[in-house]
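Let's start with one chain on its own, the form predicted alone, as structure tokens.
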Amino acid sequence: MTDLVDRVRRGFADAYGGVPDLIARAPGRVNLIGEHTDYNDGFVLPAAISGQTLVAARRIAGRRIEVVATDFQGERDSFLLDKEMAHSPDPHWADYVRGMVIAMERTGLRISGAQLAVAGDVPRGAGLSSSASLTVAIGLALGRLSKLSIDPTALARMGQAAETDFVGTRIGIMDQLVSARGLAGHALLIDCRSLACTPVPIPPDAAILIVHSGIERGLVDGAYNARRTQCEAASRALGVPALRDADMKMLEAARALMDDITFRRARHVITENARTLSAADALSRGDLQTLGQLMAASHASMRDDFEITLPPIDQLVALLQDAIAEDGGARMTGGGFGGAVVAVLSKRRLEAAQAAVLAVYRTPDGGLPLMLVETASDGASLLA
């Protein structure tokens, strides 16, 4: 944390001189179970992680936003709040900033001019929601600079709108909501229809292990939007508002109304919702064996029905599950097509699980994978 704070302060001073008025932070997240269920009004079980984005911010006169990205060789962007917003001319990261500002102003908030510096340590392309941590941190910083009181759930909704309406990824609400509302020591069981968040304690003898495959993914071009379209087609065939409202009996009865791909996409979401509710119960009871079985079934469903895993991801999951045995489980986490694997396991199995991965798995460039041992963290807040 100290190094990241120093980096964002230096980036701010180098770009603008002086010191910021405040520093906002928002964490990334790891989803323990419940994949592609959020935009189907379903259930998810994520936890905020220690990796985070920091935004150092200073209010300035006028209605101009200036931003520097310390993680991208000091790339800069600036735009006027009173002019129609276009996509940034070059740096893709800036679209998340612009999109968040647009989402905030469209809700009726009036944002003041600001100078911003951004730094983060959430691995990009790993399925750990670096983009959500960026938009939530930007929103919190600009809101406080503008002397606005924004509810964390409303902040999450704006972050979701930034990605869906401006960046172009038709995501659900999970990433932004847990980034805004995470609770240390707990996962959050989120009802993505009502947005109710139920804290689920993580047992003190359990660890969260994240292994990055080294395969970066891009959700806009990674068939994510196509999966959402297929789920919507299934909902229409079933005559329900969202797949959250369907069960397996309904799906089997309507099998003739959809092609095989649409059927399998729906089967994943319907069964994943049930698994997520069961997993939250198992985790709250400290039943890592049952949790592991549910995580294994989730991964198989993502691989076979939703078709979003890749062979190296499947290899990582198998390596981890063999080392964990019955003391937890492993699965792919995130939107798919690369990214990371998450394991929830007894701490006594942690060293063996890490050793198993390091002995066999190599990233596409031949290197060792990034491994993170995480504890659930608090959601967005101000540091200064």
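Model, not experiment: these values are computed from the prediction. In case it trips you up, residue 1 is the first one in the sequence shown, and so on.
Just so you know, the form predicted together with a small molecule exists too; it's not on screen, but the next bit is about it.
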The small molecule: the contacting residue among F166, F263, Y224, W93 in the model of the complex [heavy atom, 4.5 Å]: Y224
Identify which of L142, M100, I171, C231 has a heavy atom within 4.5 Å of the small molecule in the model of the complex; exactly one of them does. I171
So if I measure heavy atom distances to the small molecule in the model of the complex, which of the stretches 322-330, 52-60, 353-361, 37-45 falls within 4.5 Å? 37-45
Does the small molecule come within 4.5 Å of any heavy atom of G339 in the model of the complex? no
